[in-house]
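Okay, here we've got a single chain as structure tokens, the form predicted on its own, with questions on binding and movement later.
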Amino acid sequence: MTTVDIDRLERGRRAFEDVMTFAAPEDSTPATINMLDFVFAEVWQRPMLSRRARRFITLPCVAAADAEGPLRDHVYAALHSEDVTIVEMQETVLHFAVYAGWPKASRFNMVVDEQWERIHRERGVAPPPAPALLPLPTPSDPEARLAVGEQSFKDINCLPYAPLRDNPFQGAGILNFVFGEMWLRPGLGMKERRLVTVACVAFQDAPYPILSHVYAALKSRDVSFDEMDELALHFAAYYGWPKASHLNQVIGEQKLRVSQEWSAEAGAPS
């Protein structure tokens, strides 16, 4: 290994400790050396996404991968570093449950509880009481919730229409809960929800959801073009290059689509 390689590896070790909040592994296997050399010395250091933003891409990836050690370590690091609050983490679990499935989210939720207790045990204090779940910030009247869900669906997806209420999936699920409540919950910001969602639909190989959520994140300007490109790279590091290749292709297509729409809107008469 050259002097330059050694210097880069040392930067990777320091970056690992900064991101993960514990010491870097000492083994010299190719997987560990290249994780430190590339994932931490380069990917986590790139300026187009903040360390905090990268947490919201990493967490759904490790939760979906059923990777017990990485899930535990990244939940701990996100909370221990205070990049992510416990409320934001719990909202991330709920958002993940909708876009990646409740069974995997159940394990994710257990790990969050375990690591939150661990952090306070290490600090020698008791975890604070959980915030109240009620009242909900959205209407409880069924008709009002559906109306809110329809408008929320349009606003969040940057579309002029909403699904019909003609079956349980669309009415009770999409309109009543997903857009009638979850996307509107105040515990997690819109940008963070966009990052979690794009990661989830990308690892599910869901063709229309990838297209629609990449489009909406860009069209809304919640995620910039450069940030979305960076999301694809970070996703590749944590969920694999083949799925990231598809995501990257969709991003290119949707950047072109959004650019054309913005140009047309700018040229439209007022």
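Note that residue numbering begins at 1 and tracks the sequence as displayed. Because the structure is predicted, anything quoted here is derived from the model rather than measured.
This next part talks about the form predicted together with another copy of the chain, which is not shown.
Mapping the unseen interface onto this chain, residue 131 counts among the residues with a heavy atom inside 4.5 Å of another copy of the chain in the model of the complex. A residue is said to contact a partner when one of its heavy atoms sits within 4.5 Å of a partner heavy atom; residue 91 meets this definition for another copy of the chain in the model of the complex. Among residues of the shown chain, residue 104 is one whose heavy atoms approach another copy of the chain to within 4.5 Å in the model of the complex. Although the partner is absent here, residue 243 lies within 4.5 Å of another copy of the chain in the model of the complex, judged by heavy atoms. Looking at 77-85, 131-139, 154-162, 118-126, the stretch with residues near another copy of the chain in the model of the complex, meaning non-hydrogen atoms within 4.5 angstroms, turns out to be 131-139. Proximity to another copy of the chain in the model of the complex holds for none of 191, 211 and 267, with the criterion being a heavy atom within 4.5 Å. For the stretch 155-185, the set of residues having any non-hydrogen atom within 4.5 angstroms of another copy of the chain in the model of the complex comprises 165, 166, 167, 168, 169, 170, 171, 172, 173, 174, 176, 177, 178, 181, 185, in sequence order.
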